[in-house]
Ligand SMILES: NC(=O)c1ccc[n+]([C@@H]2O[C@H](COP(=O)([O-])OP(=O)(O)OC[C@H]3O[C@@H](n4cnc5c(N)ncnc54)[C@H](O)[C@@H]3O)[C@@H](O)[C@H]2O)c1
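Heads up, the chain below is alone and in the form predicted on its own; it's given as structure tokens.
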Amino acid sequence: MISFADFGYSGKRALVVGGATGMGAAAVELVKQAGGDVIVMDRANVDRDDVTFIQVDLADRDSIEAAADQVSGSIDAHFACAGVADGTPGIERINFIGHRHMIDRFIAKGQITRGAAIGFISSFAGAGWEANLPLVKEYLARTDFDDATKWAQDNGKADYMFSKLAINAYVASQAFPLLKQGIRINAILPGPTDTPLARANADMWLGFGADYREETGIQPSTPDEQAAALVFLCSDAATAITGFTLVTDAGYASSGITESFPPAAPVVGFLRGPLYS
């Protein structure tokens, strides 16, 4: 029976990969407030005495394995929050391949097991995963770190959008096999959110949907607003939800699909429709 306590993290241990800034840091704070014990992994240092910090470079296989091997005991909630923008060397590894490699390692070692949950931060940029499923499945079939990296680079898919297509398809495809092990997996697809990464790409990332926000009288999301949805999905209160990519964009995509906000229709249609041949 579900109770309100299931929204919390008392007695739980969470790992936040990419917890130094932005939505990842907000997830750390929310899990701490909810009573959880938190391990933070990031390339950037995290200087706080109420979490365990482990440095990791998701673009480097050896770094991922060394970081994972520093974690002993079980993980109840694994938050895959790290991500970078186009132009960053190793983007295909940092945004997806590295996260998957770490998750696979923890599952193989029996540290993510029955009752645990995995949550990704993806993007509506990957909303077209269904329209591109054959190609994305070809990529996901490359489960080895180096093989997947080579495929992405050789096929011109080492970019932000394709990494998000991969995350969304991965989450959907893993619902069944992971649930057989008692593990849930979900993702959020945030709209424009005021993070350091977004500010560094402000014209594109924070400019997106500005007309919609002006008409509805809202601002870009805050990191904690996005983290709240992610933390919920990995809580015991969300046990009926898995394999789900939750759009957390204040209704922009829905308004474009239905054309209740007509200016959103073309870009939403483009992102949801065929992108690759």
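What you see is a predicted model, and the numbers here were worked out from it, not measured in a lab. The first residue of the shown sequence is 1; numbering continues from there.
One more form of this protein, predicted in complex with the ligand, exists but is not displayed; see below.
Fill in: Option touching the ligand, based on a heavy atom within 4.5 Å in the model of the complex, out of 148, 169, 103, 82
Selected residue: 82.
Discussion item. If the cut-off is 4.5 angstroms on heavy atoms, which of these, 152, 183, 75, 198, is the one near the ligand in the model of the complex?
Written reply: Spelling it out, the residue with a heavy atom inside the cut-off is 198.
Worksheet item: Is residue 58 a contact residue for the ligand in the model of the complex, using a 4.5 Å heavy atom cut-off?
Response: Result yes; residue 58 sits at the interface with the ligand in the model of the complex.
Worksheet item: residue 165: heavy atom within 4.5 Å of the ligand in the model of the complex?
Response: No, no contact at 4.5 Å.
Worksheet item: Does residue 132 make contact with the ligand in the model of the complex, using a 4.5 Å heavy atom cut-off?
Response: Residue 132 lies outside the contact set for the ligand.
Discussion item. So, residue 94 and the ligand: in the model of the complex, are they within 4.5 Å at any heavy atom pair?
Written reply: Result yes; residue 94 sits at the interface with the ligand in the model of the complex.
Worksheet item: With the partner left out here, if you bring back the ligand in the model of the complex, are 43, 160 and 193 all within 4.5 Å of it by some heavy atom?
Response: The answer is yes; 43, 160 and 193 each reach the ligand.
Practice prompt. Spot the stretch among 65 to 73, 27 to 35, 50 to 58, 234 to 242 with residues whose non-hydrogen atoms come within 4.5 Å of the ligand in the model of the complex.
Written response: Stretch 50 to 58 is the one.
Worksheet item: Does anything in 103 to 133 come within 4.5 Å of the ligand in the model of the complex by heavy atoms, and if so which residues, in order?
Response: If the 4.5 Å heavy-atom criterion is applied to the ligand in the model of the complex, 103 to 133 yields 121, 122, 123.
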